[in-house]
Ligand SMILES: Cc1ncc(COP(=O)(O)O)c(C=O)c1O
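In structure tokens, one chain follows: the form predicted alone.
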């Protein structure tokens, strides 16, 4: 990264405080220096306007999988912008068609059709709408509209996706939400037979789909037992219910496989993707559906069974060009393998730390959570948890933190660094955790 500071941090902070509405934070509590002015990124490193460097152990928000500063992506976007800056999917746009074909090669099973949108929230919103319409068209005379989701899961900020979300702080202020969403307890403490019982109690002819993150992300990185999703797949097949896997976080190498469902050999009826699709370089998401699901939307014009949704910027040519370049890098460098190897190294490093303040370190690949506890085994209070996070950042490492996912203290920190992370950088993360733990006491 260059040594030059391109912005005046004092001026930028003043503009920010006067005009920006930041997410998930009480603005009355933000001090003048609490938020960093991030100006540059290279590899797994960031630099702020004051010239300090940080290892980004959160990859933006779970998404900068190939790392910062990839000129190949910048060049692909520049070239596309010069050729065709924008056009919707009402006609054929080459980068979107090329990206869809590339994804069809990479995604498991027969997930061969893609509806492009701008984010993971929109991808899940699309999947939920498509599932309801598919249920009605596949099962005429039935009322298949209910969606089964899980507590602690997160599926997005739009109203349908928020209704599927099982995190109290992300939804209670917006209730009542969309009707027809039912939640069950998540793994590892509860099994998939809870889903079967709910389907039976609600009546199978009213249930359209089950939606689930392969590994719950923002709700604490909850890793299921190996038999969980194969059983969920069996249940969905038995009742004729669609399985939607939300791979917005877990997709594109995050867990040590190209897609997390590959850990268990499960192919969903729909898969939602975003974040790692372009590695955050430009906004893009997609809802992928199987050939069988797509068939439910085919018919005569007068049948009106087509999917009546349009997205102005979905499939944006520049965003698709960014995604194509990011996916090419990911596949060429097989970054899911580095995720698996360095992830195992980092997990072992963190689990070997001896302290009463860590209840558990869990995860898969480069997707982890550190759950802190107090002397009595309860969630660490906000003051001491905050001291931990502040000390980690002062040590030059940026973590994510659970927020608005559950009632009470949320002393769970998330780690999801770029998939290019080295073992040396993993040691830097481990050392920062040790520094942070000293600040608790």
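Positions refer to the first chain, counted from 1. For clarity, every value in this text was computed on a predicted model and none was experimentally measured.
Heads up, the form predicted together with the ligand isn't pictured, but that's what we're talking about next.
Query raised in the report: Just one of 326, 319, 242, 248 has a heavy atom within 4.5 angstroms of the ligand in the predicted complex, so which one?
Result: Comparing distances to the ligand in the predicted complex, the residue within 4.5 Å is 248.
Requested in this report: May I ask you to choose, among 156, 280, 315, 135, the residue with a heavy atom within 4.5 Å of the ligand in the predicted complex?
Outcome: Contact check passes for 156.
Requested in this report: Examine residue 119 and determine whether its closest non-hydrogen atom to the ligand in the predicted complex is within 4.5 angstroms.
Outcome: Yes, contact at 4.5 Å.
Query raised in the report: With the partner left out of view, is residue 150 within 4.5 angstroms of the ligand in the predicted complex by any non-hydrogen atom?
Result: No, no contact at 4.5 Å.
Query raised in the report: Does residue 269 reach the ligand in the predicted complex, with heavy atoms at most 4.5 Å apart?
Result: No, residue 269 sits far enough from the ligand in the predicted complex that none of its heavy atoms falls within 4.5 Å.
Requested in this report: Answer for residue 275 alone: is it within 4.5 Å of the ligand in the predicted complex, judged on heavy atom distances?
Outcome: Residue 275: yes, in contact with the ligand in the predicted complex.
Report task. Tell me, please, which stretch of 248-256, 300-308, 71-79, 97-105 lies within 4.5 angstroms of the ligand in the predicted complex when heavy atoms are compared? Result -> Correct option: 248-256.
Query raised in the report: Which of the residues spanning 213-238 lie within 4.5 Å of the ligand in the predicted complex, based on heavy atoms?
Result: Result: 213 alone.
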